[in-house]
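Take a look at this single chain, the form predicted on its own, given in structure tokens.
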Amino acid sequence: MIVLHHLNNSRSQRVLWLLEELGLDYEIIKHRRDPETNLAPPDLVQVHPLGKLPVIRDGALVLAESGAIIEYLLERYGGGRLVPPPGTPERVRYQYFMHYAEGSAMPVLLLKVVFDQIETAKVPFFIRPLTRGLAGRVKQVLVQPQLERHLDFMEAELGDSPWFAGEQMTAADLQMSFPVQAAAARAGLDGSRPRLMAWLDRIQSRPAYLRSIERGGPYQL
């Protein structure tokens, strides 16, 4: 049986959702973030040397990285589901967004989170103006313009179809769920980009997605 090591409020929600979409039998082992630091527990190095989740175990295989896990599960158990046929334009878009989610969208969102934390960090009063000023300036000049560009790009890419790879939902939509949800929670994504918000409504109302929340617990970014 597949075993999923699941960390709350993390990328492993995508893997949990995929397991439900495919209707696979699996065991879930839950790990919790530190409520003060929001960091993953240090004992995760016993699960994987990098101390990060998600991680699945399938027989002798232990595999990390949500994108790699998604591809593995689809190749072994998907039976062609959630992947467009080879040689089609939809397959090209699928491959693009499978990589775009972590390669382009997430880095700028992570920068936003980091500099938000620097801006509000508890530091000695005499350097507080410096840290807040520096963080605010970096966000204004570097981070926010890039965020806007990416959100505009994603909004435009949903202009011709309801899903990122075409008329049917694919695993690219699972992969894109984390950055878009993070943008809605932390980076100002709202009703001014109605296609993205409608896409979020579609994924979050799917029965398999709702089952994954029920199985994994509250999911808040």
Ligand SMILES: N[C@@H](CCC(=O)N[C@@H](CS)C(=O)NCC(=O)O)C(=O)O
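All residue numbers are counted from 1 along the displayed sequence. Please read these numbers as outputs of a predicted model, since none were measured by experiment.
We do not show the form predicted in complex with the ligand, though everything after this point is about it.
Across the options 185-193, 157-165, 52-60, 22-30, residues that bring heavy atoms within 4.5 Å of the ligand in the predicted bound form belong to 52-60. This chain lacks the partner; the member of 119, 148, 102, 71 within 4.5 angstroms of the ligand in the predicted bound form by a non-hydrogen atom is 102. Using a 4.5 angstroms heavy atom cutoff to the ligand in the predicted bound form, none of 204, 208 and 211 count as contacting. Residue contact check for residue 39: one or more of its heavy atoms lie within 4.5 Å of the ligand in the predicted bound form. Residue contact check for residue 170: none of its heavy atoms lie within 4.5 Å of the ligand in the predicted bound form.
The closest non-hydrogen atom of residue 7 lies within 4.5 Å of the ligand in the predicted bound form.
The ligand is not drawn, but in the predicted bound form it has no heavy atom within 4.5 Å of residue 181.
Residues of 63-87 that come within 4.5 Å of the ligand in the predicted bound form, judged by any heavy atom, are 65, 66 in sequence order.
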